[in-house]
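There is one chain below, alone, in structure tokens, taken in the form predicted alone.
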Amino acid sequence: MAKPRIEVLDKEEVLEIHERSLNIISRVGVKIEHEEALKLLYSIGANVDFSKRIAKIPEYIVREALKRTPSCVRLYHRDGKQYIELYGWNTYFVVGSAAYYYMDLRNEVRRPLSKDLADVAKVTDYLPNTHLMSTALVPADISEVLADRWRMYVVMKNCSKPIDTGAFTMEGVPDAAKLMAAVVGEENISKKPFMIFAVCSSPPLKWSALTTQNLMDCARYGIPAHIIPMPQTGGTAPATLAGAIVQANTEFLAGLVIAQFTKPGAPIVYSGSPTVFDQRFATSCTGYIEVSLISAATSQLAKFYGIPSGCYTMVSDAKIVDTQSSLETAFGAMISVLAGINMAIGSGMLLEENCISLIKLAIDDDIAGSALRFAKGIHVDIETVAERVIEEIGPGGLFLKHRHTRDWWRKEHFIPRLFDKRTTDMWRKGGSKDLNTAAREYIEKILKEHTPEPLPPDIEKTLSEVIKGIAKKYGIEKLPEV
């Protein structure tokens, strides 16, 4: 059965980008602002200038790192029973992460509270086509020194799905391991990981001390990490798409080497968050179609390397939930499934990755469902070609009451929750609601009626003790209610 797929680079172009990346990483090098990582690279044969903190990494080291990298990353649900596998052409949709602003159900944009993050987690727990929750918001009611781990705690309590997260501090990953151990046991942190960490390089050609520490800690604990180059065309990367891709690929390979030589077999996803620096307004835009082209190219490179892929494809530059926000997200969703991007990240996000909206999140779930259905393609066999049924109905007949229709209609079609398919009269009798109104009511119903599966009492108690212990290190005695 053929499935719809796209490739934006031919084989020669993929090889060209790979070879140019190897040239840059070995001749120009990458700045690594982390002493231990520089010493590690030096010990394995890289040419390291410790005064400038620049490492030039030979091709043979990159090849060895690629050999060590697993081709599949498994992420578990919180209960350790269900899981998803990131590999091949599978696509899973992920809530956008680390937004500093929240658009509430009255469409007011404000700094989020911990309760808002809990609401996003509860809604995500319910949505059928949003497969990974994230630590979506940065709450304003908790100290910044604890915010990264507090976000993990809030989401763990309120969503059973795998979590895309990240650390803002040097202690973030070790403390996260303690939180994970409270839920699944220390022995299962690497065996049944339910969190994946975002680690971002700093374009152009730089890895900060913080993200390098997070990356090395993830490798040591066996916690999956997705490496996220962030090329900004015309700003922190070349204006040409190919140039931006080469730079991002070089940064990724440098991170991969650090991870695999910290601990061979470290689970890594080749991710990305490309943007376009709009020369007219000095804005860093996520919704340009060129962002999708770069994302599709990243997925091709990941497949060339035999590594899972991810990209921020579900984000919009729109300031409100409107036609623009849905169009930009729909383009991203379709390109994600057609290019086989394993983690399509950014559901619910607006304002150039700075804001989360529950209304957009609900709409994005329908968009994701539609894209996933398209990616399945057309199943052709003796039952689906329906030759006998067509013969039975004959010219001028009606298929409505036939058993074949009852058996197959729901199997073959994606049934949206929010996109209106009724007659005009039905729509008017239902209150003439637009999409945003329908989404708002849907969210309110979920928040009122849906209760995520609670943690067992003993685990919840242990988890609470762990976060309180972490908070005490910073002199924080009182934590927000969630």
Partner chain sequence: MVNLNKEDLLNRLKEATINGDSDEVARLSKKVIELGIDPLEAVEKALVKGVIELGDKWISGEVFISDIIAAADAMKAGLSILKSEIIKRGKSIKYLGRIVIGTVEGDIHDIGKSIVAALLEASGFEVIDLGIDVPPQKFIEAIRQYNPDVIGMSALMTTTMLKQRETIEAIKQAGLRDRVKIVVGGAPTTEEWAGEIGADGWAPDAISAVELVKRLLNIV
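The structure presented is a predicted model; accordingly, all values stated were derived computationally and were not measured. Positions refer to the first chain, counted from 1.
Here the subject shifts to the form predicted in complex with the partner chain, a form of this protein not shown in this document.
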Can you say which of 33-41, 432-440, 61-69, 409-417 gets within 4.5 Å of the partner chain in the predicted complex, counting heavy atoms only?
409-417
Any non-hydrogen atom of Glu444 within 4.5 angstroms of the partner chain in the predicted complex
no
In the predicted complex, does Glu453 have a heavy atom within 4.5 Å of the partner chain?
no
With a 4.5 Å heavy atom cut-off, would you call Met426 a contact of the partner chain in the predicted complex?
yes
According to a 4.5 angstroms non-hydrogen atom cut-off, is Ile382 in contact with the partner chain in the predicted complex?
no
One residue of Arg388, Lys81, Arg106, Lys401 in contact with the partner chain, assessed in the predicted complex (non-hydrogen atom, 4.5 angstroms):
Lys401
Only one of Thr169, Ser370, Thr405, Asn188 gets a heavy atom within 4.5 Å of the partner chain in the predicted complex. Which one?
Thr405
